[in-house]
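Below you will find one chain, with nothing else, as structure tokens; this is the form predicted alone, and questions on how it binds or moves follow later.
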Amino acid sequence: MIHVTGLNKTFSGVQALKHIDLHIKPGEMVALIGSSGSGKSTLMRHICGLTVSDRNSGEVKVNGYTIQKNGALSGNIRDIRTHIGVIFQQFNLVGRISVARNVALGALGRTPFLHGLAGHFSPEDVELTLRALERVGIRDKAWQRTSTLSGGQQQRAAIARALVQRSEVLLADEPIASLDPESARNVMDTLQELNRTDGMTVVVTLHQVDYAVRYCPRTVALKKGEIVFDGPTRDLTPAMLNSLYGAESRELFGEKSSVRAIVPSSVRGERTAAAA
């Protein structure tokens, strides 16, 4: 579903991404982890075509379509983006309009320009909007002003917008960074449900490794713009986490940080049974 090959990106003489090769199969749920400045968000922006690589460097394909190659975006990038849902830490919602109208904006890619400009959507897209809000658990908020929602509710509205968009891939860039623990769990539960029920390919950048362990079977770790780990999340080790985060790992996971310590016992039991 996602193929990144030989990708390099330099900002003001500093190499933010170094020869990135990443291949993600349809239906995977993958976590991107790493400390601040490791290149997680930069890589995500390349995958959805919001940032271009260095000249004569790399290629990005999503679902067989070329997003960019050798530092140039595809000529039909706007059409390709209609199949890629992106949610950000900042939600990217318009606070002064209703939740439903924000979510319906996911249909803009297939709505005549003047109709979309005026906020006129087809009956089918209105129904799809309400169903999407139902799936993420906030249909009762449909006609509220979006600015009245909590952070977690706004993030779920952003996910609903991706559903209306009929996305085949969902890229979530630090979607829970500013949320309280309960809201973060609700958002991650929603992403996991979309992955498992709809088979949607989900890539999520996370600073909180415990959420990667709980929700993502595969983890890709970046350090200084390079991929230093790509494999089953259960194979992450304390040494790897300490290498990625240094002293910060003690704050993130406690003094005796380990993957085993942050995996729920039920999950460890399932893995033990599977191994047996």
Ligand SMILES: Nc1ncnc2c1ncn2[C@@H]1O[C@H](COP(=O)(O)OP(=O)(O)OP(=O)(O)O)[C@@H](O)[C@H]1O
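We number the residues from 1 along the sequence you see. Because the structure is predicted, anything quoted here is derived from the model rather than measured.
Below: the form predicted in complex with the ligand, not depicted.
Q: Heavy atoms within 4.5 Å of the ligand in the predicted bound form: which of the stretches 28 to 36, 53 to 61, 66 to 74, 230 to 238 has them?
A: That would be 28 to 36.
Q: State yes only if every one of Thr42, Glu174 and His207 has a non-hydrogen atom within 4.5 Å of the ligand in the predicted bound form; otherwise state no.
A: Every listed residue reaches the ligand in the predicted bound form, so yes.
Q: Does any heavy atom of Leu22 come within 4.5 Å of a heavy atom of the ligand in the predicted bound form?
A: Heavy-atom contact with the ligand at 4.5 Å: absent for Leu22.
Q: Note that the ligand is not shown here; using its position in the predicted bound form, name the residues of 1 to 20 with a heavy atom within 4.5 Å of it, in sequence order.
A: Contacting residues: Phe11, Val14, Ala16.
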